[in-house]
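We begin with a single chain expressed as structure tokens, specifically the form predicted on its own.
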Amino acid sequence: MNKPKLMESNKILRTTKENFIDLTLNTIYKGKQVLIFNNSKNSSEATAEKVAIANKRVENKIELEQLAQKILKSLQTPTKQCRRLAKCIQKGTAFHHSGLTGKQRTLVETNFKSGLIKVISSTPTLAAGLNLPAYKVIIKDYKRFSARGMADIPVLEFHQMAGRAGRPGKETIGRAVVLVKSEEEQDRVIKKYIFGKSEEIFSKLAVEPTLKMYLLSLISMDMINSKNEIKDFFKNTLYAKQYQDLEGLYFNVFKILQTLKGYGFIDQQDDYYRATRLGKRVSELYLNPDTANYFLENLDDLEQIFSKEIYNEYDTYKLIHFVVNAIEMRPLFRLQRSEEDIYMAKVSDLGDDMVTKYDPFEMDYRELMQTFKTSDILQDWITEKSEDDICEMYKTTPGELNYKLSNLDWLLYSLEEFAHLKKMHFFKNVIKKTRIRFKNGVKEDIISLVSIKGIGRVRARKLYSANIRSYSDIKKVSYRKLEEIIGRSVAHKLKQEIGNEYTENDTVVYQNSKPTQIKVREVSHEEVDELVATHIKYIEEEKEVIKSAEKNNSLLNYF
């Protein structure tokens, strides 16, 4: 890389062959923090590792080691990415992108704000929506992969990244550095990004799925109901101001109202619109109305699949594939070139069996293949493949997998609610079980075990293999055997929670099995005598009532 002209070039101590590493090290050795922006997840991770390896002066080693352990424990079984991040954190450096789990991202962000982590190497997503300023921002890549190859990022995005330089209240200045390879490139970058004009922001209200959601939401909350109220509201939107086409906007709005009416989500009386009970529930679930209608239209077919007493994993796969086709599951897992033949064959073999049939006018064929890849990944998760194996096999990340699982749970819950409204009780229970399986990543046979506090998918499978398959089995099994299977500390906690007697180091330990909410007090002899007398009196009165009823030969007298 050619040496760029930088404001601080005369102050930088050159210790490595790469400018961004020298810039970073010189900054953190002064006790300040650095944000480095990259154009991809892989680049973010590689950059963080390079800085970590080069950093020879690490402060707060004990706290960083503790944080690294938290990163490793954020998943039941640490993945390759978890271990990679933990090693970086031990050196006060971290990477940050959508591939991390939510818990990992929170740990990185919180500890950067506190000053424990000195460097974050990130994709541009960190620049928007998060208040994470630093003394110095290094924009390592201002180009990004696109459908047409490498392309410049938008000016607005560049300003978002550079604007992170400088910590209000802590620094009087901030420095943003962009790396270039030549003077010609430097001149072009300065002209475009330093003195260039930002792109205009355009309203997304005209996008039909967005408009449908907002319309249903506004009507459900009774914020706009009459035709005039609807017109007054939309004429004051950014979309109306930008496009200056009120008639076109009104045409789209009332066309969508007719669609919502056709779905059964709103009713109309003259020029007044009200949400139906079903429409209110759709709005409360934050579902796209098109997705809700798609679910409701296919609910009978889905129930039919699970109507038999025994259903198998292939039936579950059909349910997964059905939900994956919802717009809320986008973007789907990307298809690698090496996978194309596999999924072409899969579409050919299974396509006609799925609830959602392929429509070439609605979906691109490559997107269809991606629905099957996404379904395969999710199916592997609930058949107990490890997170590391899934990420390695499908070239994905724990964060992407967790994001998809979170969205899937939300959509399955919505489907469960619709089954409840339609009184499809058996199918509702099927969905409930499926949600538990996705939450824990397990087969159906160990659902009861993973519902016990402290038991995850790995321990549950070990217990099941040892013929311990329920809460009562855990209660009966000896402490020694339980310790051999799941470890001493977990066995101890389980036995304490269950509250029965167990043997520990050949000593019988008695646990109090009384529920904690029951309170005990001493009762006096006088209270006992009074209770006995009251009981005897009640028995005598009952006998008299029965005699009277028999005398009059009438049960009505008794009642």
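None of the values given here were measured: they were computed from a predicted structure. Start at 1 and count along the sequence shown; that's the residue number.
Same protein, other form: the form predicted in complex with the DNA, not shown, and the subject of what follows.
Contact annotation for His425: none of its heavy atoms lies within 4.5 Å of the DNA in the predicted complex. Though the partner is left out of this view, Asn39 does reach within 4.5 Å of the DNA in the predicted complex, counting heavy atoms only. Within this chain, Leu156 is remote from the site of the DNA in the predicted complex, having no heavy atom within 4.5 Å. Put simply, Asp409 is close to the DNA in the predicted complex: some heavy atom of it is within 4.5 Å.
Here the marked residues Met150, Arg435 and Lys453 all reach the DNA in the predicted complex, each with a heavy atom within 4.5 angstroms.
A single residue from the set Glu284, Asp359, Asp245, Asp187 has any heavy atom within 4.5 angstroms of the DNA in the predicted complex; that residue is Glu284. This chain lacks the partner; the member of Tyr365, Phe202, Phe145, Tyr272 within 4.5 angstroms of the DNA in the predicted complex by a non-hydrogen atom is Phe145.
Contact with the DNA, judged by heavy atoms within 4.5 Å in the predicted complex, is confined among 469-477, 305-313, 376-384, 324-332 to 324-332. Of all the residues from 373-403, those having a non-hydrogen atom no more than 4.5 Å from the DNA in the predicted complex are Glu400, Tyr403.
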